[in-house]
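Read the single chain below, which is given as structure tokens and is the form predicted on its own.
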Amino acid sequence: MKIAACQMVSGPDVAANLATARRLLEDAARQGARLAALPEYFCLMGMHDSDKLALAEDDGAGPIQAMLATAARELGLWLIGGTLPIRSTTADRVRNSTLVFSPTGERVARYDKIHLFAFDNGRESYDEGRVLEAGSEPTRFDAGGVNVGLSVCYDLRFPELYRRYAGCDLLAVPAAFTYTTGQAHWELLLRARAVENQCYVIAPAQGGQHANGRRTWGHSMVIDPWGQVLAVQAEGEGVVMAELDPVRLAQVRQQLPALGHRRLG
């Protein structure tokens, strides 16, 4: 199965972001992708954190969800739809949700980001908990025989989540890593998750200078179960493609059966 990670530099114009996402998905489909993934916040990188509240959609209805379903159906893709804000039961919070659509346009999975990012080094300050409500449940789905575990961005720092996905063929990590933290830890953590779980990792990211002044690290990539980076895009919009090879997956697990040697957890 060919898989594609789409990198974006989203801004505050939702319509423009959706058009860019559609164009990148079309590019992935033309190159033969059967599964494609968009980055976190693909639909909006607003000027303020609270912009997500105004954009939030009810679960199962809204223009962003409609765009994802239509793209999956028209392009024949398993589509991991980055993240978008879904209304929660708390008025001043939203869920940062990954929605997955099948090639028929049917929604097959929803994952709400569990770990909420906070960072303050004296120059940059972030606190997703100001507007986001954390999820609580890991989510996996079957993409035509490929078992996929879902996560988002800051989740990457919590390996216990990925142990809940034992046996998955592919881990998805749509992200919007800051330039500072991404430069230090992004590739390191992605490769670690691939190696310790002996599976492929697809990591579509935001990558560049955004209208709100934020700079994201980018470096969208696909990694194999041995930790080898198969494809990467440093900055700017683009699509990175790689082959998910079940023979390679089985070979790594057979030669080094580390998952069967676990003694804790």
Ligand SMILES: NC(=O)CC(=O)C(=O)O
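Numbering starts at 1 and runs along the sequence shown. Just so it is clear, the structure is predicted and the values come from calculations on it, not from any experiment.
Heads up, the form predicted together with this ligand isn't pictured, but that's what we're talking about next.
Annotation: pocket open; no atom of this ligand, superposed via site C-alphas from its pose in the predicted bound form, falls within 2.4 angstroms of a backbone or C-beta atom.
The single contact residue among 187, 128, 112, 169, judged by any heavy atom lying within 4.5 Å of this ligand in the predicted bound form, is 128.
176 is the sole member of 176, 100, 143, 86 with a non-hydrogen atom lying within 4.5 angstroms of this ligand in the predicted bound form.
Within 4.5 Å of any heavy atom of this ligand in the predicted bound form lies no heavy atom of residue 73. A residue is said to contact a partner when one of its heavy atoms sits within 4.5 Å of a partner heavy atom; residue 117 meets this definition for this ligand in the predicted bound form. Taking non-hydrogen atoms only, residue 154 approaches this ligand to within 4.5 angstroms in the predicted bound form. The closest non-hydrogen atom of residue 181 lies within 4.5 Å of this ligand in the predicted bound form. Here the chain stands alone, but in the predicted bound form its contact with this ligand, taken as any heavy atom within 4.5 Å, falls in 146-154 among 104-112, 160-168, 146-154, 77-85. In the predicted bound form, this ligand lies within 4.5 angstroms of a heavy atom of only one residue of 12-46, namely 40.
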